[in-house]
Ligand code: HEM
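A single chain comes next, written as structure tokens; it is the form predicted on its own.
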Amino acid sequence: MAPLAVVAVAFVAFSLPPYVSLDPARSRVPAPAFFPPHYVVLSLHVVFGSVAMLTGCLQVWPWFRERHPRAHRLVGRVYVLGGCLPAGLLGLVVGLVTPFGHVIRASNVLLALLWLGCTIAGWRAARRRGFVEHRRWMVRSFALTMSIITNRIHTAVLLVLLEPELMTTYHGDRALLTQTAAGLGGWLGWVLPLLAAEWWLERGDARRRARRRAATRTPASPVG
């Protein structure tokens, strides 16, 4: 858990300052002219998303979950109500008005909807005391929460890889190159973590099924 927490804190420390400064000039995303409140909506999305990232790290920590169940429930409410839900709704708006093209727009909108859906499904399962189902949905929710980090990594790598094609494939149009990298990075950023989460969940389920089969297997009677 320590490396995960360090990465989350470092990412929040890097991402948050431009959006709590109340200075639109420091925004890392250019504001579209047709949507004046872009900076305010984006800033709130980043703040609530930071809450989701930091509280989510506590929620997936087995030691914390098992030793402090009441705190786990309280932090879980903050994760859902003070993090994922407001960040997801604001992210839906930010995604719709993104200046980086239709490919990343489709990715951002679908990501926001899935993030909201997984989080709400996990919350409802906990309310019904269906804790196995709750855990599965919240693992998916957390994978989508943290996908903003992998999004940035993929986009940065793609910008470097596509740079040699600037004057050929992209005819010197850097904005087009940036849109391509952002679009591919956006999709890879959340699809791969979600697939990894599903693989991890299915792997764990397969192990549990194997243990149950072994436990119910009747031992052979000794010959004597």
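Quick note: we count residues from 1 along the sequence shown, nothing fancier. Remember, it's a predicted structure, so these values are computed and weren't measured experimentally.
A second form of this protein, the form predicted together with protoporphyrin IX containing FE, is not displayed here; the remarks below concern that form.
Engineer: Pick from 126, 75, 112, 139: which residue has any heavy atom within 4.5 angstroms of protoporphyrin IX containing FE in the predicted bound form?
Structural biologist: Residue within 4.5 Å of the partner: 112.
Engineer: Taking 45, 99 and 144 as a possible spot, do all three reach protoporphyrin IX containing FE in the predicted bound form with a heavy atom inside 4.5 Å?
Structural biologist: Heavy-atom distance to protoporphyrin IX containing FE in the predicted bound form: all three under 4.5 Å.
Engineer: Counting only non-hydrogen atoms, choose the one of 60 to 68, 156 to 164, 46 to 54, 193 to 201 that falls within 4.5 Å of protoporphyrin IX containing FE in the predicted bound form.
Structural biologist: Result for this chain: 46 to 54.
Engineer: Using the partner position in the predicted bound form, report whether residue 118 sits within 4.5 Å of protoporphyrin IX containing FE, counting heavy atoms only.
Structural biologist: Output for residue 118 is no: heavy atoms all beyond 4.5 Å of protoporphyrin IX containing FE.
Engineer: Classify residue 80 as contacting or not contacting protoporphyrin IX containing FE in the predicted bound form by the rule of any non-hydrogen atom within 4.5 angstroms, answering yes or no.
Structural biologist: Judged by the heavy-atom cut-off of 4.5 Å, residue 80 is well away from protoporphyrin IX containing FE in the predicted bound form.
Engineer: Using the partner position in the predicted bound form, report whether residue 171 sits within 4.5 Å of protoporphyrin IX containing FE, counting heavy atoms only.
Structural biologist: Judged by the heavy-atom cut-off of 4.5 Å, residue 171 is well away from protoporphyrin IX containing FE in the predicted bound form.
Engineer: Examine residue 40 and determine whether its closest non-hydrogen atom to protoporphyrin IX containing FE in the predicted bound form is within 4.5 angstroms.
Structural biologist: Residue 40: no, not in contact with protoporphyrin IX containing FE in the predicted bound form.
Engineer: Taking protoporphyrin IX containing FE in the predicted bound form, which residues of 9 to 29 have any heavy atom within 4.5 Å of it?
Structural biologist: Result: 11, 15, 19, 28, 29.
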